[in-house]
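Before any questions on binding or motion, here is one chain by itself as structure tokens, the form predicted on its own.
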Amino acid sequence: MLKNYTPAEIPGKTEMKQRISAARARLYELQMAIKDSKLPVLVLFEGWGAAGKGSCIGRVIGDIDPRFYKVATKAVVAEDEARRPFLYRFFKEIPENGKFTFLDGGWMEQTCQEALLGSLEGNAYADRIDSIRRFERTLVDNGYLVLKFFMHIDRKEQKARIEKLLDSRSTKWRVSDYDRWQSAHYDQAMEVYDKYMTETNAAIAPWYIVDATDAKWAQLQVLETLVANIDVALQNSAHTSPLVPNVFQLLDMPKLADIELEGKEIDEVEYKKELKRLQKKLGKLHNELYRRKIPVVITYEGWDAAGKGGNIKRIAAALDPRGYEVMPIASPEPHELNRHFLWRFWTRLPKDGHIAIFDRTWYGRVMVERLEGFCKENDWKRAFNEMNEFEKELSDWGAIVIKFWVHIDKDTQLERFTYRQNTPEKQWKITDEDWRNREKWDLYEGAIDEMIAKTSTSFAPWYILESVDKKYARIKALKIIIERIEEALDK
């Protein structure tokens, strides 16, 4: 696509000035409409080294309100970002509803640079392209406008600009080693860029090639493209996104009603003995995880009063406190509600070699948010696949993903609720909301059955912890975690 690009004729100075003025004024007007309609706009600037990405961004944002946009430079991968999944550094930058984010460099630059320098090839490259397609699609499905610009200059122009930058002490810092390498291998880079853009050019997030030989002409192309796309997006604000079929292998899972709870118990003496043995073993494995840089994501969902907190406590007690974090997930804050529902989980992912334990998770989307009407039907139906894709990203990164449903029956929950209600030091654990949720037990059970059936994958399976006897559930969880870690270490 890039190799076949033919630039349009550059307009004259008078026409250029008039069109830039009109586009800037219109973009300012649209910013207010974006704010009112809560349309989030993510604008990605990619292109050749010295093509003028930064200066073009500066010209484009000149007239819009700085309170409602952010500019982020993603050309260099920070050490902290390198220890997390590939998409982490980009997902964390997505804008809030009603705002812009402008990215100077992004997922194309990192992918193509790694491909050109030989660190990303074969199946790994193909998997990366799949990840990027899914990333862009899920943003659009969740209401984002994604605009991708490639700033294009020819070999001669790039060489001249780089030489000019290098001639001045005040500008030579802007030329990276990779810019020099790219200029010396222009044809090779062209092949990789063309292939990448062809593979990621989609109707929902197409590539716009910008002739960057003239700064004002580049500014005009970007401005007019922005304005046209925002106009269309505002008209389509009520559009319902299509459901994407699941492409991942799902495991056969039982319904909650078919899970046997009787007899799943352990006596106190055996419990203490096993707990001590398993915690000691898990502690040693934690050290090995850190040495091998293997991340672990453990998630807990379950009925209210099922014993999630006590289960987590026994897991955490075995771990080095410097190498894990427990994430209690409550109702989303306003800045979290104003982004893709997975944003608050992407931003809480552990570094490699560390463990993250989530007390409640992204699965709230298809349980409480679904049943309490906090999201639309299309949102929660799409979420099954979006959560599978999220967990596939974690698995491909190398993470061990372990998902627990902590299970009890309705009578056991009533006993525990009543005990909490009647015990002063436990009353903080019981709320009116817990009682209201209990009245919807059957509705929740149906939603949970669907959730488990549609999201128990080969790379992120669900494990049911029978927790009428909390001690039994704790030992079972420890054994599962140890088994999964040992499997990963053996690989």
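Only a predicted model underlies this, so the values are computations on that prediction, with no experimental measurement involved. Residue positions are given as counts along the sequence shown, with the first one as 1.
Keep in mind that the form predicted in complex with a further copy of the same chain is not shown, yet the notes after this line are about it.
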Quiz item: Are all three residues 250, 258 and 489 in contact with a further copy of the same chain in the predicted bound form, where contact means a non-hydrogen atom within 4.5 Å?
Solution: no
Quiz item: Might residue 104 be said to contact a further copy of the same chain in the predicted bound form, defining contact as any heavy atom within 4.5 Å?
Solution: yes
Quiz item: Any of the heavy atoms of residue 57 lying within 4.5 Å of a further copy of the same chain in the predicted bound form?
Solution: yes
Quiz prompt | 4.5 angstroms heavy atom contact with a further copy of the same chain in the predicted bound form for residue 73 | solution = yes
Exercise. May I ask you to check whether residue 405 falls inside a 4.5 Å heavy atom distance of a further copy of the same chain in the predicted bound form?
Key: no
Exercise. Counting non-hydrogen atoms within 4.5 angstroms of a further copy of the same chain in the predicted bound form, say which of 372, 127, 274, 325 makes the cut.
Key: 325
Practice problem: Taking 4.5 Å between heavy atoms as the contact cutoff, choose which of 263, 321, 118, 122 touches a further copy of the same chain in the predicted bound form. | Solution: 321
Quiz item: Which single stretch, out of 299-307, 286-294, 200-208, 231-239, brings residue heavy atoms within 4.5 Å of a further copy of the same chain in the predicted bound form?
Solution: 286-294
Exercise. Could you run down 332-356 and flag each residue that has a heavy atom within 4.5 Å of a further copy of the same chain in the predicted bound form?
Key: 333, 334, 335
